[in-house]
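Form predicted on its own, single chain, as structure tokens, below.
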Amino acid sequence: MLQHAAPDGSLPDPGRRPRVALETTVLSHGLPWPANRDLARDLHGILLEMGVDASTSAVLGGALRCNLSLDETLLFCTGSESSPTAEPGGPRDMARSPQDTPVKTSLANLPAVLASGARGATTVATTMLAAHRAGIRVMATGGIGGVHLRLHAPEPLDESADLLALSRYPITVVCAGPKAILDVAATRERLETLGVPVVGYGTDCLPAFYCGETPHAVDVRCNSAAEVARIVRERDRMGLCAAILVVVPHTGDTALDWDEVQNVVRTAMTAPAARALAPSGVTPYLLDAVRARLGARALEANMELLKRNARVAGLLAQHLF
């Protein structure tokens, strides 16, 4: 196992292992049952086989944590009460009812969720905070939030707290780029303004979640975790506060074509149902439109890219340990 000194010159505790932070909103709000349960198990298994701890984040027991066990993680896998279970009566396979869905917890509502004692599923932004507080240097997720599309120009700008967190917490986030239903061009510009380096893992083009590539360029291409780790160490040596965003293109049979997804988005934006939407309702509406049009292809792509990102994050955590 590679071991590297921390910025203060100390070596890691030999009894500890590399860690990768994982979010819980993808389980509670992003994927249906039982795909969310299967993904939670798969991500823990992938990292375990690599000798890396899956450090899942959530608000649980009135605390922001980044060390959930697999059983605790599965509490955030929501679904229908009538969903079949592989192990009847077993706590690991009990699908949560929609009424029992955890609160989606970002930076703005984190204090209120903590004060209420509710279970909170952490977004990318809140997981970055939890990871930074826990001393975890790498996080894996699917796609980051960014600048949202607007139905009409006068509408106020809707921007994800993920961008603020990326400018604030100096960890390394491994993802498949911004979600394809966002204003990807504006998101790319915003990342540059915030001083967030965008590192393409084996790619010169920015991917967009399901889509392996977009017309937008990354800042630098790296072909190995070792190359990325060198950039991370230079960021740390300079004392820069922004995260490093490592974007991994989703390739293979489950990758979706950028133009195809954009056509779905454009059609949905001009549909009569879109006219009455508040700004906060645009993104869920577009996600539903993509899923309705692409069906199982979208779910399969989502699952595969999350597992691919976990593997890359595991490699990077090993190099930074």
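In this text, the rigid core denotes the largest set of C-alpha atoms whose superposition between the two forms falls within 1.5 Å. Numbers follow the displayed sequence, beginning with 1. Since the model is a prediction, treat every value here as computed from it, not as a measurement.
One more form of this protein should be noted, the form predicted together with pseudouridine-5'-monophosphate (PSU), which is absent from this view; the next part is about it.
Participant: Would you point out which of 50-58, 281-289, 256-264, 65-73 contains residues with a non-hydrogen atom within 4.5 Å of pseudouridine-5'-monophosphate (PSU) in the predicted complex?
Facilitator: Result of the contact check: 281-289.
Participant: Pick from 78, 172, 123, 187: which residue has any heavy atom within 4.5 angstroms of pseudouridine-5'-monophosphate (PSU) in the predicted complex?
Facilitator: That would be 123.
Participant: With heavy atoms only and a cut-off of 4.5 Å, decide whether residue 145 touches pseudouridine-5'-monophosphate (PSU) in the predicted complex.
Facilitator: Residue 145: yes, in contact with pseudouridine-5'-monophosphate (PSU) in the predicted complex.
Participant: With the partner left out of view, is residue 250 within 4.5 angstroms of pseudouridine-5'-monophosphate (PSU) in the predicted complex by any non-hydrogen atom?
Facilitator: No - in the predicted complex, heavy atoms of residue 250 and pseudouridine-5'-monophosphate (PSU) never come within 4.5 Å of each other.
Participant: Are any of the heavy atoms in residue 209 no more than 4.5 Å from a heavy atom of pseudouridine-5'-monophosphate (PSU) in the predicted complex?
Facilitator: Yes, residue 209 sits close enough to pseudouridine-5'-monophosphate (PSU) in the predicted complex that at least one of its heavy atoms falls within 4.5 Å.
Participant: Evaluate residue 34 for contact with pseudouridine-5'-monophosphate (PSU) in the predicted complex, applying a 4.5 angstroms cut-off between non-hydrogen atoms, and reply yes or no.
Facilitator: Contact with pseudouridine-5'-monophosphate (PSU), no.
Participant: Heavy atoms within 4.5 Å of pseudouridine-5'-monophosphate (PSU) in the predicted complex is the criterion; list the residues of 167-191 that meet it.
Facilitator: Stretch hits: a single one, 179.
Participant: 2 Å or more on the CA of residue 66 between this form and the one not shown, with the rigid core superposed, yes or no?
Facilitator: No, the C-alpha position differs by under 2 Å between this form and the one not shown.
Participant: Using a rigid core alignment, state whether the CA of residue 39 is displaced by 2 Å or more between this form and the one not shown.
Facilitator: It does not reach a 2 Å shift.
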